Ligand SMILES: NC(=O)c1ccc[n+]([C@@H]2O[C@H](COP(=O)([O-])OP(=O)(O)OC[C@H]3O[C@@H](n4cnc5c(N)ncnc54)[C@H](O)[C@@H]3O)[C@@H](O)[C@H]2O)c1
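Taking the form predicted alone, here's one chain by itself in structure tokens.
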Amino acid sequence: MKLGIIGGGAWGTTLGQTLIDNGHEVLIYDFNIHAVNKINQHLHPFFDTVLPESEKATSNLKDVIDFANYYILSVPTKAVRSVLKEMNALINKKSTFINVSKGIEPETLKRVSEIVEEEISKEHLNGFVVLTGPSHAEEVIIRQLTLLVSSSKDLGLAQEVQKIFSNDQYLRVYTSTDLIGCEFGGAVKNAIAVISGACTGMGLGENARAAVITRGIIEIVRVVEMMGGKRDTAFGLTGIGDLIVTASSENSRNFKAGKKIGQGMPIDQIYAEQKQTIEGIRTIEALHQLSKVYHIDLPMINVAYEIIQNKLTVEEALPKLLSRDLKSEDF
């Protein structure tokens, strides 16, 4: 099968190798000429890894559109809408979109599946799948064991993507029809990972990190359920599983960004120093708006929002959370 990958970053390029391992053909699109050239030299643009010779890239979006009708979206959520507009102007056939990014559009509070439905003409849209779960590209690129979830409103399509990506060496994919739960679970965990990193940066210890992760699960559940997803999904790979891998690892961009926040580094400097996307900070902004619109109690996320908006210092955040009314542990 031929698949086009939109975005030659850490994850998109890594998934290209997996697809080639599984016997598929891939072509990667990226506007960054440096990344395109590295891939065409069979070198990963972010990791010290040699890529398969058949993994190719281009800076011409039309080349990828013409190459395949399965498109893997591996671009930051802030770029998804504009990229989809460009793609829609070039597509002339039924196409399937597989999103592997995790985030919410702050301006509209839309999930990527909703953005795809808005920007891709109905006559061109065959279906949408999100491929998500606990997955550091740093480990998948060296073929370490990873479990993911393929989720779509169309079970048949989820199963098709499951077979495309699964292999018996290092990658196993499960299916789900709870698209809402999987998309929100993946997004909210990024926000919690930033908060967990901030606690580490402040030197609060492992007890605090365990508390953040556990109470973070509750905030994931609240968002998933309020938005129409299933609670069980939040306790699976795309919720608690993804949170565990992201909220305590130096491989996590969101955790590392939070750590710098906890150490007092300004947001602008963090963005300037990080070449890869930090979805969690942007997701905190989106979830803060979501909590106001839908009246969802998200105390950690809302305090984090005040910090990144410079309305609250890191030192003031902890007393604000600890001084909340005492209550029973409630899921």
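All residue numbers refer to positions in the sequence shown, first residue = 1. What you see is a predicted model; the values in this text were computed from it and never measured.
What comes next is about the form predicted together with the ligand, which does not appear here.
Engineer: So in the predicted bound form, does residue 95 come within 4.5 Å of the ligand, heavy atom to heavy atom?
Structural biologist: Contact check for residue 95: no, nothing within 4.5 Å of the ligand in the predicted bound form.
Engineer: Quick one: does residue 238 come within 4.5 Å of the ligand in the predicted bound form, counting heavy atoms only?
Structural biologist: The answer is no: residue 238 has no heavy atom within 4.5 Å of the ligand.
Engineer: Taking the ligand as it sits in the predicted bound form, is residue 30 near enough to touch it, meaning that at least one heavy atom pair lies within 4.5 angstroms?
Structural biologist: Close contact exists here: in the predicted bound form, residue 30 approaches the ligand to within 4.5 Å, heavy atoms only.
Engineer: With the partner left out of view, is residue 190 within 4.5 angstroms of the ligand in the predicted bound form by any non-hydrogen atom?
Structural biologist: Residue 190 belongs to the contact set for the ligand.
Engineer: Tell me which stretch of 96-104, 119-127, 175-183, 215-223 has a heavy atom within 4.5 angstroms of the ligand in the predicted bound form.
Structural biologist: Answer to the contact question: 96-104.
Engineer: Using heavy atoms only and a 4.5 Å cut-off, determine which of 171, 91, 83, 115 is in contact with the ligand in the predicted bound form.
Structural biologist: The residue in contact is 83.
Engineer: Name the residue from 227, 147, 79, 210 that puts a heavy atom within 4.5 Å of the ligand in the predicted bound form.
Structural biologist: Spelling it out, the residue with a heavy atom inside the cut-off is 79.
Engineer: Let me test this: is every residue among 2, 21 and 162 within 4.5 Å of the ligand in the predicted bound form, going by heavy atom positions?
Structural biologist: No residue of the spot touches the ligand in the predicted bound form.
Engineer: For the heavy atom contacts within 4.5 Å of the ligand in the predicted bound form, list the residues of 1-27 involved, in sequence order.
Structural biologist: Heavy-atom contacts to the ligand in the predicted bound form: 7, 8, 9, 10, 11, 12.
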